[in-house]
Each structure stands twice: as structure tokens, then as C-alpha cells.
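In the form predicted on its own, a lone chain appears below as C-alpha cells.
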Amino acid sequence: MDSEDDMHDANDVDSYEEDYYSGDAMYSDDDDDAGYEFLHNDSDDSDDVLISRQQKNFTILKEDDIRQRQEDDITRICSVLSVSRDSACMLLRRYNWNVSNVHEAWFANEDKVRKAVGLLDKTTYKPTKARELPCGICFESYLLDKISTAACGHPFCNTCWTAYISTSINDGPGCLTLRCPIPSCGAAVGVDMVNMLTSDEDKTKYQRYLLRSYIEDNRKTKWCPAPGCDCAIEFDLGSGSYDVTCHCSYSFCWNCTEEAHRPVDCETVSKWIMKNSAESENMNWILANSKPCPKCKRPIEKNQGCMHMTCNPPCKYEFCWLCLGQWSDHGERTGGFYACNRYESAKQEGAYDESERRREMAKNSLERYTHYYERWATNQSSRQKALADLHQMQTVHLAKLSEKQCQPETQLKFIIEAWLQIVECRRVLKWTYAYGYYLPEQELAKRQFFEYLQGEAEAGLERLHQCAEKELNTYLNEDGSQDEFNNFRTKLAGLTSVTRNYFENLVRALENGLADVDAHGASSKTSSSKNAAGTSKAKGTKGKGSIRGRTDDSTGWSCDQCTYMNSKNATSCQMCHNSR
């Protein structure tokens, strides 16, 4: 957005940010155009809630589903091209299990396809009348029933065939493109020969490679990267978000196969993971917190005491920590054990400017990285704890609470949905710290706006997490009244909806690159704020309907702090207790 001001006006930021959550935020029952759908409070099945927003653009395939699809594709090729099942399998492998590509290539130039795949017409070779044939590998003569050939007709004994195929299978998936042992021959060795000549163990391995190739060679499918999971994901390319959730409850990015990281793009995630595992931060720490011994050059950390340093054996060099000069030249005349006049005078003359500047830069860089990494790791730990609490709630506490409150478990699903919301929001909040680390420091207005959105979302999440974690324990350990529990239900459902709204705004803003704040620091106060606020289902609060920002007093009022819709007679917010 263009602006006449070169610098951002803080008052404009405050008023715009207030409008972002109160004046222009919209709540509607229609969320088809929403950029990011968080978990809603109207489902009876928590697993369905977890993956409901992704069902439109991906399909989860179990092993039986994969086998059935693979068999269906092979059958289609057999019936259309009038080839054997063995040949159909090799054709599909060649064209990455794409039936359309096989048809197109086959009818365009059948001979070319046969040559490329290694499908030769066995009838072109005249059968021999000899009773015995020599093996082309061991050169021993065998009866015909001990000799086998591929489509090319080159004879090898069954023992050599078995050894050849078995070695190839043990070498890995390359066995799927196995050819005749004669180097100059391109005839393919298919499934039929593998089943006829190999052991049961090798057959199982080969079938496993064939099954995996159906997923790994297809650009629309990928395996779930969760340990121990055998499911695959078929993704509808070009359908928007890459975040998918498997039956094992593991969420990941289909594009880069890292854990789900929306709203941060894959490139930022790759850089962040690389930085966390790289040695660069170790070097920064060494540069910021240590100095090299003047004699042996080993880095030394000063963690206590005076300026008199002694290097470890075998060096044992004694020197001054400040000026790195020999300690024998120091004493009371140079400032004693806790100061160094030589260092101070040399520093004034600029002798240490470059080294001090480098050390200060390394220290600042390390402190900045540590700031973001600690918060990234803390939210990761909180998410893992929330997942454990969610499992405990589903398996133990929900039945206990149902018994105490004399309500069926289906009436208590709002608690599960609150925990699912917490888990999802912890994941989003974690990755916003990676986003913040790579946000250019010179774009001050964007950074201020980002930190405001992040802070508001985090505060809302903390309120929800505290309510679900601590206030719920009151009803698990004590017998509360029915009215008190109903009030708790209203509060928790309301906080879930409010927190979802905060994170929808945050995600939408980050995915737009904070476009509502221009590069010069001026914020847009036009209808773009409405587009950023988007739409969100406001279930879990009183009633339904379309609510735009602050409503009039005839229907109620929206809290400026948490956006909760309060009754018109309330003098303070029922959620955050902020005064009207």
C-alpha cells in the first residue's frame, strides 16, 4: 500500500489493530472461502473433527486399499491392451503407474514401448529339439525341465536363475526392472519368473517392493512419514493447503513431508530445521563467549574469577583475559587482577574495535536465535503435553466425568474439541516463532503488527489451555452442581471459538505476507482489514448468525479484549472480565 509517511505512526497501528479484531472482524455460518478452518464445536466424533477440514483435498489409503487400486490398474491394462498380467505390471512400472500414459504411449508406438520396457514376443524364437541345453552362466548341460528362459529365449538353469533373481531382490527395489543376465539383451524378467523360481521370502520382498513402487513412483501419492504407519496419502494437486492428517493422527505437509507447519512456507521450515541442526550456532556461541589462547589458539571460556587466565595443559600459558597479553607483564601498575589499563587505553585507540564488533555481533545473533528457539521448543513441549492430556481425557477422564455429571459422553465432546483446538493452536504458534525469526528486522511496521497478532493469539490460547487444564480438574475431583458445570461448558465452548478466531486471523495474515502493512510502515485501513479478518463459525456461543464487529446494544456487545459476544446487560466480559 502506498503512503505519504516514511515512518509508521504508532497510533495508526493501535487503531488498525483494534479494528482488526473488533470493528471489522466477521463471524458467519458460511466458511467455504475461509483460508484456514480450525476445529469447530459441532461434531460428535473427535477423529472426524481432527481431519474434517482436510477431507476435501486428500484421501488416506490403507495397505488393502493400495493393493486393490494396484490390481484394478493392472486389470484395466490387461483388458484394453490384451497383454498378460505380467506385461501389464511392467508397463505400469515403466510409466509410474499412470494408466492414461500407458494407453497414450502404447497406441502411439507399440514397438517403441515394447523395446523400452523389454517386452519381446516369445513366439519369434523357435523351440529347440535337443534334450539338453547348456546354461549360459555355469555352462553345465541340463535337461529342458531344469532350464528356464525369459521372453528372449536365452537358456539358464533354474539354480542360476534363482541365485540371479535372489541377489537382485536383496539389493533393493532395482529388482523391479530386472533384465536378462546377458548384458546385451534387454528382455524383462517379470513377476511370473520371480514367483516360479524364488523362495517364499524373496517373493514377499518382491511383492513389497512392487506395492511400495505404486506409491513412491506416483506423484500424487506419498507414504505417511510417521514411524510404524503403513498408510499412504493421495493428494489432490492444486487444491490449496498441503497440510494432511493420517489415520494415525500424525499431521504433516504433503509437499515437504515435514510435520504440518502452516502458515509457514516449506522454504522457511527447511531453513529453520537446518539452522537448528547446523554447527553455525555453536560457532556463534564460541565466538561470543570465548577467546583464543594467545599461544595455542584453543578457545577458552571465562566463567568466573579474575582476569588472570591459565590455559589447560600441556600449554599452561598465563595471560590477561582482556588484552590477551602475557600475565607476567601485568600487576598493580596495570590495574591488578580485575582490570587492565593496557586494554582500556588500547580500546580507546581503536585497537580492539574489529574483534569486539565481531564478538558483539555474534552475541546479539546468538541471543536473538535463542529467544525464538526457546519459544519454539516450549510450544512444541506444550503441544506434546496437550496430546498426552487429550489421550488421557479420551480414555479415562471422559467416562469419569460422564458418571459424575450424569451425562452421556456424547454431551461432553466440547471438552475433546477444546483439547483438539489447543493441540492445533500450539502447532501454529510454534511455527510463528520460526516465521518471526526470518521476518526482516528493517520492516518495523510488519514486525510490530506480527508481534501484536502473535501476542493476542497466544494470550487467547493460554486462557483456553488454563480453562481446559485447571478448571476442568475441579469437576473431575469434586462433585460440582449442574448449573456450575453448564456455566463451565458455556465458558469452555466460548473460549474455544474465540481462540479459533484469533488463530484464523493470525494464519490468514501470515499467509498473506502481512500484506495489510506496506514496506514503508503504513498500515491499510481500507476493506483489506475485513478480508484479513475473514469468516469464522461462531458456534459454542449464544445463538447463530452473521455478526460484524461490534453489534448494537439491542443484541449484545463484543469485548475489545477477547471478541466474546456478551449479553447487552453485562457490564464486564464473561470470558476475560474486561470492563465494558
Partner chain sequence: MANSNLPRRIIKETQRLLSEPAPGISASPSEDNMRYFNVMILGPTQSPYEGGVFKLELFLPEEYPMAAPKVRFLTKIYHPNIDKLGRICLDILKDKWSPALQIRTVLLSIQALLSAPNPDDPLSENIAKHWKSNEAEAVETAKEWTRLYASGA
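Model, not experiment: these values are computed from the prediction. Positions refer to the first chain, counted from 1.
There is another form of the same protein, the form predicted in complex with its partner chain; it is not shown, and what comes next is about it.
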**Request:** Could you work out which of 181, 173, 153, 325 is the residue within 4.5 angstroms of its partner chain in the model of the complex, going by heavy atoms?
**Result:** 181
**Asked** Though its partner chain is not shown, can you say which of 364, 167, 270, 276 has a heavy atom within 4.5 Å of it in the model of the complex?
**Response** 167
**Request:** Please run the contact check for residue 469 against its partner chain in the model of the complex: heavy atoms, 4.5 angstroms, yes or no?
**Result:** no
**Asked** Would residue 136 show up as a contact with its partner chain in the model of the complex if we use heavy atoms at 4.5 Å?
**Response** yes
**Partner proximity in the model of the complex: residue 253 to its partner chain, non-hydrogen atom cutoff 4.5 Å** = no
**Message:** Can you work out whether residue 140 and its partner chain are in contact in the model of the complex, taking contact to mean some heavy atom pair no more than 4.5 Å apart?
**Reply:** yes
**Asked** So which stretch, 314 to 322, 186 to 194, 199 to 207, 156 to 164, is the one near its partner chain in the model of the complex (non-hydrogen atoms, 4.5 Å)?
**Response** 156 to 164
